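Next comes just one chain, in structure tokens: the form predicted alone.
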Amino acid sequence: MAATLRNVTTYDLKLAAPLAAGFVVFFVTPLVILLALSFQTDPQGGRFGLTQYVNFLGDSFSLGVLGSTLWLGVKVTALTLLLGYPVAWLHQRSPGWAKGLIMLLVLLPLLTSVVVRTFAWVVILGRQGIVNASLLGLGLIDTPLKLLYTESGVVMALAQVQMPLMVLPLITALSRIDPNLADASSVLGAGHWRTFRKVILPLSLPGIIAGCLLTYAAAITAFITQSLIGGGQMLFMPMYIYQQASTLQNWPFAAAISVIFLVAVLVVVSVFNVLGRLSRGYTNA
């Protein structure tokens, strides 16, 4: 008797109960508690209202921290895309053994702790680090540059740390492009740059948008890298929340900041999702 495949939709929904319970306990419940805490008007929790949200939205310093955090994500994402696209392109154009080597180099950082990679950047960007030592040795500078505890240093370190999140979706998108399209474009008289601009780049848009989404969300929430490379010279939202919760013990305001930050990230993610759907429609046209 031939075995028949059972429709997955006919399985009992009770099988999903453990997953649903875990989702409720570890995601929904903490989120509800955070939301309730953000409506407390004071740390003692005597009354509820919108005081914490009004305090944040009416404070130019807090809005500046939110704006600088979102702008930091834009810069990191742009730099990661600029550096990651050639890597993905090289992977796609390389022979089999080289593809494996490039993939290993891309995945290797994921096997190393973010703390270790960030401390490596502390050594690289320090006054006695590799960059300053090289520039001094070449005679290009007379005194060491200040690279550590600057926004440029934070952007460079975050771009390297988040690079795999950009490269992997790009490799997937480029591998799905039919190589005959580039050959056809060349036969029709288009040069390499025109073929890339008119054929390859539009067809790789889903990978670009997916990589930008992952990189942006990871960059603006990277507490360790922002704190160690930025030091006390810059303040971003993760450190701002930590200061309010742990140092000042103002948990309601920290909860309100977290909710506002979450909403801001969700807005950005929604924009990327819309762009992703539009790009899929464009590539399928």
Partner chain sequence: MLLTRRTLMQTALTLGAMHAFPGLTWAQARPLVFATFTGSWEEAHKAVLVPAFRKATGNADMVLDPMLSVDQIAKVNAAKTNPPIDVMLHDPGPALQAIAQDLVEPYPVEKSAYYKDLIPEAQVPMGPSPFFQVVGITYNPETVKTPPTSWADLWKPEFKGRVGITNLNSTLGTGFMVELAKMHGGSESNIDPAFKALEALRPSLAAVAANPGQLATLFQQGQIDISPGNFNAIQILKARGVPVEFVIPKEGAIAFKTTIHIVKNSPNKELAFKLIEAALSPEVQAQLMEEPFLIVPTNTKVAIKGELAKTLAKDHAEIAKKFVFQDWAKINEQRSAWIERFNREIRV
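Positions refer to the first chain, counted from 1. Model, not experiment: these values are computed from the prediction.
Just so you know, the form predicted together with its partner chain exists too; it's not on screen, but the next bit is about it.
Asker: Counting any heavy atom within 4.5 Å as contact, can you tell me which stretch out of 166 to 174, 69 to 77, 126 to 134, 185 to 193 lines its partner chain in the predicted bound form?
Answerer: Single hit among the candidates: 126 to 134.
Asker: May I ask you to state whether Y53 is within 4.5 Å of its partner chain in the predicted bound form, using heavy atom distances?
Answerer: It does not: once its partner chain is placed as it appears in the predicted bound form, Y53 has no heavy atom within 4.5 Å of it.
Asker: Taking the shortest heavy atom distance, is L228 within 4.5 Å of its partner chain in the predicted bound form?
Answerer: So L228 counts as contacting its partner chain.
Asker: Flag P30 as yes or no: does it have a non-hydrogen atom within 4.5 angstroms of any non-hydrogen atom of its partner chain in the predicted bound form?
Answerer: No - in the predicted bound form, heavy atoms of P30 and its partner chain never come within 4.5 Å of each other.
Asker: W89: heavy atom within 4.5 Å of its partner chain in the predicted bound form?
Answerer: Because no heavy atom of W89 falls inside 4.5 Å of its partner chain in the predicted bound form, the answer is no.
Asker: Find the only residue in L148, V106, V199, L213 having a heavy atom within 4.5 Å of its partner chain in the predicted bound form.
Answerer: Of the candidates L148, V106, V199, L213, L148 is the one lying within 4.5 Å of its partner chain in the predicted bound form.
Asker: Can you name the residues of 227 to 243 that have a heavy atom within 4.5 Å of its partner chain in the predicted bound form?
Answerer: Contacts from 227 to 243: S227, L228, G231, G232, Q233, L235, M239, Y240, Y242, Q243.
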